[in-house]
Each structure stands twice: as C-alpha cells, then as structure tokens.
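Below sits a lone chain in structure tokens, taken as the form predicted on its own.
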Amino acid sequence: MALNLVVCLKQVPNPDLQFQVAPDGKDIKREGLNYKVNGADEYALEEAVRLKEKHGGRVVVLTLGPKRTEPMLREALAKGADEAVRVAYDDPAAFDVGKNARILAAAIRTLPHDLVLTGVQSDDYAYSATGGLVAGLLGLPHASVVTRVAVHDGDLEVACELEGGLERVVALPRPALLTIQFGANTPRYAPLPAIMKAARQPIKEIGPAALGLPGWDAIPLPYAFGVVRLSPPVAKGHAEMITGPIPEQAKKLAQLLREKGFVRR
C-alpha cells in the first residue's frame, strides 16, 4: 500500500521582522527580508514523511515561488522528502490565492498523488483557502484542520479539529487532499548527513509550458483581482501604564480590575 504523497510548501517572510509598506502601497518592502517555511506546512511535511515511513511510498514537495525558495525545498529533502519541485513563479507577493491554486493544481496533475497535504493556513495571509481551492480544482475529496490521519486499504480516516475541543472523524476515499493543523505532530530536525545529501540533490524547476498553461499572466480566471492598498491596522483604544513601586502597581491593578468588573468581591 505504498503512497504517492505530495506536500505543498510556502515560503513566508520571517514573522519576527518589523514590516514596512512599500512606496507603491501595494506590498511590503522586501529588500533585506529573510524567509522561512510556513509554520503549518512543517506539520504537513512531517505527516507525509511519517505516512511514508509507515506505509512506504514517496514524498514530493512542491512550491510556487522564486529561486529563493530552494533552500526551503532542500530542508524538506533533508527531513525525508524524496523529490522537490519548484514552479518558477516570480511574483514576490502572490496575493491572488485563486490564481495560485490554479497553478498548484496544474502542477499536481503532473505528479502521481494518492494524498496531497498542505498546511491549514499561511502565516502571512491566513486565507485558509488554498487547500480547499486546489481540492476543488482537482475534484478531490478533502478535509480541513486535520489533526490525525490513518490510512486503510481503500480509504482514509481523519480527525478534524472543531471549536470547543471537539473533533470530527470522517472517512475519505483516495486520492484526497488534507490541510494539516498546527500541533498535529512534532516536526523533526534534519540530521547533518541528510542536510549534506540534500545540498547535492537536484530541484526540478517547471514553468507554465510544462503545465500546459499559456503563461502566468494568461491564466483564465473567473474574476479580476488587484491589490488596492496595503496599510498597517489603525490603532484603537489606548493603554494605561501603571507606574510606581511593585506593591503600588499591584494595588492599582487590582482596583482597576474591580472597576472594570473583572473581579467582584
């Protein structure tokens, strides 16, 4: 029951950085930024590697992005992926999730896939839409916010996180697409020998022609999309700073909590 597993990875700006809006107001300033793998995608990769280790098969990692994404792909190879594919799409912002999903779906069609895994959402845009859109475009059954995956002879049993600590367990036929929740597993560290080996492995680069597309700017879309403005959120309210010696600060804080109705005596 060897599985062909495809994992979609996204590279995002390091969230620890302070971002500034670019002069045109439609993106952040990207000069000098450093990037990392999207947080939820790390759990998707780990889930795929664990399934491969348990059931056999191959893990292919796939990303949509410029040349700078290749170190992320090599890290995935060092953690257990067997092949890395980069769709050479050089839009540094790539805001249009519908267009991104169409390109990813076209790439996945060229790969054997029993199971496609993505992270539940991206750290930068947090749309939580890419996985579901790709599933729809490929005609695959899918489940979102997945915390546990079990593979049986003909189908999958997956647990999906719901509000209030509840979970829903569903059965899906294969092939299928799952979006993996944060904390579904514990992502592994790459050992040094694997890192050295991954540094020598080739990364397959594909463009629109290989996907049967006329060009990145000629993909037929059912809508028009454009970024009007990007801006920091407007500050609301104010903070009250409590100063003085620690005992006085504690008394003032307790009094404030009582006045606000958080503490009743």
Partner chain sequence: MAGGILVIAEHLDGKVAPSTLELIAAATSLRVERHGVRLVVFGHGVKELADHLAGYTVDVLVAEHPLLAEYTGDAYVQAVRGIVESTNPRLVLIAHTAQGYDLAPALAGAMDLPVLTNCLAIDLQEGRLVAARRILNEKVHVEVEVRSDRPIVVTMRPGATPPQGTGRGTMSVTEVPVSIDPAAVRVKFVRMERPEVADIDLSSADVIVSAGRGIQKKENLRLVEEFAKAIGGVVGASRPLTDLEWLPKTRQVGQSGKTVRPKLYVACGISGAMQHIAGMKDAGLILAINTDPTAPIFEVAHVGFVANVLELLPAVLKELKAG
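Here the rigid core means the biggest group of C-alpha atoms that line up within 1.5 Å when the two forms are laid on top of each other. Positions refer to the first chain, counted from 1. All of these numbers come straight from a predicted model, not from anything done at the bench.
FYI, the form predicted together with its partner chain isn't displayed, but the following is about it.
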query: Candidate stretches 67 to 75, 81 to 89, 191 to 199, 159 to 167 - the one whose heavy atoms come within 4.5 Å of its partner chain in the model of the complex; finding: 159 to 167
query: 4.5 angstroms heavy atom contact with its partner chain in the model of the complex for Gly139; finding: yes
query: Partner proximity in the model of the complex: Ala2 to its partner chain, non-hydrogen atom cutoff 4.5 Å; finding: no
query: Val120, heavy atom within 4.5 angstroms of its partner chain in the model of the complex; finding: yes
query: Touches its partner chain in the model of the complex: Pro23 (any heavy atom, 4.5 Å); finding: no
query: Contact assignment for its partner chain in the model of the complex, among Gly32, Pro214, Gly56, Pro232, heavy atom within 4.5 Å; finding: Pro232
query: Residues within 4.5 Å of its partner chain in the model of the complex, restricted to 119 to 139 and counted by heavy atom; finding: Val120, Gln121, Asp123, Asp124, Tyr125, Ala126, Tyr127, Ser128, Ala129, Gly132, Leu133, Gly136, Leu137, Gly139
query: Core-superposed C-alpha of Ala239 shifting 2 Å or more between this form and the one not shown; finding: yes
query: Asp24 C-alpha moves between this form and the one not shown by 2 Å or more, core aligned; finding: no
query: Core-aligned C-alpha movement of Val12 between this form and the one not shown reaching 2 Å; finding: no
